[in-house]
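Encoded as structure tokens, the following chain is the form predicted on its own, with no partner shown.
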Amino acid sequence: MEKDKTFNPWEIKGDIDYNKLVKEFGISPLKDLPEIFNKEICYRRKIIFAHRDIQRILETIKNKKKFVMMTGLMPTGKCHIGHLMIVKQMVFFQKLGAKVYIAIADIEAYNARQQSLEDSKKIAEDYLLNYFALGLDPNKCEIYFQSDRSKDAKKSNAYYRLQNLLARHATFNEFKAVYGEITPGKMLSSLLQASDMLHPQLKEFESNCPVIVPVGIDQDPHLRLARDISQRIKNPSFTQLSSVYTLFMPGLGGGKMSASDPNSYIAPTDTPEEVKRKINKYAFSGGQPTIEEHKKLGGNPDIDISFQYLKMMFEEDDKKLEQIYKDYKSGKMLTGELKQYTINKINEFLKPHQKKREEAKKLVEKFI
């Protein structure tokens, strides 16, 4: 990476070249999916853009066999709309028959971000409220903290035992090649993440079955390590992990949305006034400096943050999105008009979502 760039599972700085990363990481562009995937805009619009071994999952869905979707949340910083894209995938795969496993990575937060387990628990509650509000079925998922896997001793022992068994099949040079500079804490966290991804296949859980892991491409080092060492261990044996990769929803000012900077994101708890203020003040525009120039030269929707939010999440109607693209590019739609439309669409989404968050509080209490 260039000197002014950082790209690893814990920190990202600088622009992201997805094409370059696809080649470097050895993942495949996503194409030729069954028609049912077009119901989800992230697949229809190529927001989910690459994969590893998705064909195994497609065959499993086609044959109506058991599979797991494994994901996790890092309970640091506030939940924002970028996180909700992964939640939409959880709901989507649940409807296709998956049981969803969600690891709350409080041990990783402790080791990589120096955050207390108590703080992680509080933050996780807010994330889960949004998960259930978006339609995640609590009866078809298993949610746990890395620090406290299960009250069932057999399950808990199997999970932590797997972490230690996997350690034998990884080398320090491999860690260094995958992550660069790494601390013992991060090494332990990585092995625990491998256990997160693989343990649903243990006999104490779902037994050997396909597992799909949706991730941002920054998390692929964890996945590569888990895939590599899972094929070296013979007892227990594992079906190779599958994965899909999602484009990052950009922050309001461009770049990756950061949970540590409240002016870089829209939160699911933001009021209509906060949404309006953030979009108007911070959302990077692809428009021209003046109205006259914009009408003459048109805007650039491909770099405009308001348009990106519509494309990635808030405008379901493909024809309407295409018309907005044309109107903005031609100069017929002004930046202020695009921002106002986006503000309205986000608030239309958040109003019922916030009501559902309140209704979800009893569900969250059962898991925390």
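Residue numbers here begin at 1 and follow the sequence given. Just so you know, these numbers come straight off a predicted model, no measurement behind them.
We do not show the form predicted together with tryptophan, though everything after this point is about it.
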Would residue 243 count as touching tryptophan in the model of the complex under a 4.5 Å heavy atom rule? no
Spell out, yes or no, whether the shortest heavy atom distance between residue 219 and tryptophan in the model of the complex is within 4.5 Å. yes
Using a 4.5 Å heavy atom cut-off, state whether residue 72 contacts tryptophan in the model of the complex. yes
Heavy atom of residue 215 within 4.5 Å of tryptophan in the model of the complex: yes
If contact means a heavy atom within 4.5 Å, which one of 230 to 238, 162 to 170, 266 to 274, 196 to 204 is the stretch that engages tryptophan in the model of the complex? 196 to 204
So, a 4.5 angstroms cut-off on heavy atom distances: do all three of 252, 304 and 308 pass it with respect to tryptophan in the model of the complex? no
Within 4.5 Å, heavy atoms only, which of 105, 128, 283, 226 is in contact with tryptophan in the model of the complex? 105
Residues within stretch 118 to 152 having a non-hydrogen atom within 4.5 Å of tryptophan in the model of the complex: 146
